[in-house]
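Before any questions on binding or motion, here is one chain by itself as structure tokens, the form predicted on its own.
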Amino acid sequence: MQLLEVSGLTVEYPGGVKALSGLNFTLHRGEIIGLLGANGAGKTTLIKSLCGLVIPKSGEIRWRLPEERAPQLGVLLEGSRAFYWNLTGWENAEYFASLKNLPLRGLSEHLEYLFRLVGLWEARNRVAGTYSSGMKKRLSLLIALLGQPDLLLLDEPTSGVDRASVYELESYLKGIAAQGTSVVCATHVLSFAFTVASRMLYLESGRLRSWDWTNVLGRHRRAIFLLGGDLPIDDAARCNGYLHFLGDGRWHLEGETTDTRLFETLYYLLDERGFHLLQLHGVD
């Protein structure tokens, strides 16, 4: 069942810079979308557009909800000011749960689960302003996860989260998706996206590029990326041994979808070296 439809979405910032240009896609209930792209590709702008923090220059976002009710959202954005620093972590969670009209019955158990999920259980009664930057990011993530929203929008949710909690988060997102919550997750951690996503959207300079990612999602497979770009051969030799030159500015990057170093190499090439993703294959 369709949750929303995006048509011709264009966002332009002062100075005529187009952050998004003519985006078209649909999102279905229970779908987890991995939102990929190099820095500046438009991922955060798209998330802000979906939650109403950025007003598009043109285009539409049409919700498919019964009786025209307002969508219930959970949102994690960059930064750590998503809560009150003079309240404890637990007090913040209770306050935002009340804003979301979560029922009191079972709330304590729900909060305990989330605090343990993000690794803040022992710090729940500490004033949030005393948290480290990583702990503040995890509290922001917890607040986004409260309840069971129609749509969960996550911008780099694994930043500042330890590996054990990332595994728990992967399971949690799959669980709430199975119950009907849709998720859009912008991330640089491709191994995380490949584990949780049922579909990928890839942004490049504000435009959606279409590739079929489904044959490598959610499985332990070998992924083969065909890339275009310029890189000295001696630099290529330092790319973890995954990168091979094919000629004419084309490169072959191959590795296991469970290998985080493969994706670190891919994002180094896309983010820092200006490479372009030309094609993706999955093999057994």
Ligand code: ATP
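Only the largest set of C-alpha atoms that superpose within 1.5 Å between the two forms is called the rigid core. Note that residue numbering follows the sequence shown and begins at 1. Everything numeric in this text was worked out from a predicted model, so none of it was measured.
Unshown form predicted in complex with ligand ATP; subsequent notes refer to it.
For the three residues Gln72, Gly74 and Ala97, a heavy atom within 4.5 Å of ligand ATP turns up in the predicted bound form in no case. Of the candidate stretches 41 to 49, 25 to 33, 235 to 243, 252 to 260, only 41 to 49 contains residues with a heavy atom within 4.5 Å of ligand ATP in the predicted bound form. A residue is said to contact a partner when one of its heavy atoms sits within 4.5 Å of a partner heavy atom; Lys174 fails this definition for ligand ATP in the predicted bound form, lying far away. In the predicted bound form, ligand ATP sits beyond 4.5 Å of every heavy atom of Leu266.
By the criterion of a heavy atom within 4.5 Å, Ala19 is counted among the residues contacting ligand ATP in the predicted bound form. Remark: Glu170 does not count among the residues lining ligand ATP in the predicted bound form, judged by a heavy atom distance of 4.5 Å or less. Put simply, of His110, His188, Arg124, Arg207 only one has a heavy atom within 4.5 Å of ligand ATP in the predicted bound form, and it is His188. Superposed on the core, the two forms differ at Tyr267: its CA moves 2 Å or more between the shown form and the other one.
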